[in-house]
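Given next, in structure tokens, is a single chain: the form predicted on its own.
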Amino acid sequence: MNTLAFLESILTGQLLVSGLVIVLLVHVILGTVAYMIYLERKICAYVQDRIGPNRVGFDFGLPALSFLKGALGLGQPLADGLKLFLKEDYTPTRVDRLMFTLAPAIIIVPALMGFVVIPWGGVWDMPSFTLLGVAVEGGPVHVTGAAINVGVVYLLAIGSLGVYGVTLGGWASNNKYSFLGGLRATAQMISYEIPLGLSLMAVLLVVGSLVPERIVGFQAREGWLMLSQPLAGVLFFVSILAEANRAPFDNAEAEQELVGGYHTEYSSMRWAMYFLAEYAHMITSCAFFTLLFLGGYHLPLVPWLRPEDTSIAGALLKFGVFFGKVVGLICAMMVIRWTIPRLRYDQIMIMAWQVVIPLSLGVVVGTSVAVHLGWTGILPMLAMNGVVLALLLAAQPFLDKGVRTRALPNARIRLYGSRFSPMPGERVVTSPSDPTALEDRPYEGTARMI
């Protein structure tokens, strides 16, 4: 077989489109990660009634580019990246140098692999053409990185690998705070993997397929699954927050308790890779949520966004809609971070095993019964969700039995010798005793008399 015949045998339209999608999306995601940091700082500033980054533009100190000065602070990610590149990459003594160096890479590689099975642009009817003398046959191709039949299973498998980088980084740092952060992340991820998988199972029971494109097609015909499976959607969203170590589930890096958690000993770009991986995981998990519950690229009453539309304009529009939904979910995650305080670690674990996991099990059982009886419409599924939630609320006192006696809520602990728990015979005085502090006008009063 000559070279031309060999190339014609392996060079297919799907291979070219998949390769192009992978190359483009890696760069799109890396650029999006950089500006997600800018977006988070802006959202944080808005929540806290501040301005946020607004000075660094793209003028680079050149008078000819003065019109790009400021530019709403859009040059801030570039400045942050340059700063991290130029900072000292410090390695503490007595660390496991190999694992300490590999851990950031181990966490970022899975974060940049999960997006390949997402059906970003649906199906495109590609025309036949010739590339470098090789005839490429046209036909329907999937605008995705890998059109595989077990795409959902692939996403689950890749997403669960992220914990290894966190655990290895915490262990290899030879720091007790980092080690505790790694242990917390491991226990939390194991716990919230269960409701995540069960919520996904409820979706697969209704759809009856593991193929991402068919999941989108089902929602285009029957309605978005967020409308018929709201409990599964909420549980899935809570689980991906915990999987990505996002607030209020960021106990693996709780500054008040663990200094910085698993990345305490990291600096420069190795430190930055952990945060790049966190934001990349957010993109992948929000794309997963969009695929399962928000109809993927589908929008009602828009003909170009139906699975049947296979034009190139439809594929580009589908990609824009899909990515827009992902960015919207990421903004919701950021608002949650800056509005809800961090939960205590034991409360997070108790919530997983006594609320989230039983509720997700009930959703799976209820969905199985409804699918068996043929009640797969929106109203029957909503009724099933209401019944499951009511049963869990009724059973909650029995699940909490024996737990509340250990004072797990945020109760005040009596500290002997404090003003709330004084020693016998001690008189607690909390008001100031200095005469200057008692004056309403200290300068005109006590200070003048002196």
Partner chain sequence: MHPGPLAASDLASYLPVGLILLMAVGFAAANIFLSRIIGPSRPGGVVKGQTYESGMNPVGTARKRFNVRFYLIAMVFLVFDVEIVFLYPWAATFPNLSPGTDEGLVWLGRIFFFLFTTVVAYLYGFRKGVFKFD
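Residue numbers count along the first chain shown, from 1. In this text the structure is predicted, and so the values were computed from the model without any measurement.
What comes next is about the form predicted in complex with its partner chain, which is not displayed.
Partner-contacting position among Val369, Leu379, Ala332, Ile312 - heavy atom within 4.5 Å of its partner chain in the predicted bound form
Answer to the contact question: Val369.
Within 4.5 Å of its partner chain in the predicted bound form, heavy atoms considered, which of Tyr177, Phe275, Phe319, Phe289?
If I apply the 4.5 Å criterion carefully, the residue I get is Tyr177.
Would Gly52, Gly75 and Phe237 all count as contacting its partner chain in the predicted bound form, using a 4.5 Å heavy atom cut-off?
No, the whole trio is out of contact, none within 4.5 Å by any heavy atom.
Counting only heavy atoms and a 4.5 Å cutoff, which of 320-328, 246-254, 263-271, 334-342 contacts its partner chain in the predicted bound form?
Every other range fails; the passing one is 263-271.
Heavy atoms within 4.5 Å of its partner chain in the predicted bound form: does Gly295 have any?
Answer no; every heavy atom of Gly295 is more than 4.5 Å from its partner chain in the predicted bound form.
Do Ser128 and its partner chain share at least one heavy atom pair within 4.5 Å in the predicted bound form?
Result no; Ser128 lies far from its partner chain in the predicted bound form.
Would you classify Ala147 as touching its partner chain in the predicted bound form, given a 4.5 Å non-hydrogen atom cut-off?
Close contact exists here: in the predicted bound form, Ala147 approaches its partner chain to within 4.5 Å, heavy atoms only.
If you check in the predicted bound form, is Pro300 within 4.5 Å of its partner chain, heavy atoms only?
Contact with its partner chain, no.
Taking heavy atoms and a 4.5 Å limit, what residues of 172-201 are near its partner chain in the predicted bound form?
Read in sequence order, the residues that approach its partner chain (within 4.5 Å, in the predicted bound form) are Ala172, Ser173, Asn174, Asn175, Lys176, Tyr177, Phe179, Leu183, Arg184, Ala187, Ile190, Ser191, Glu193, Ile194, Gly197, Leu198, Leu200, Met201.
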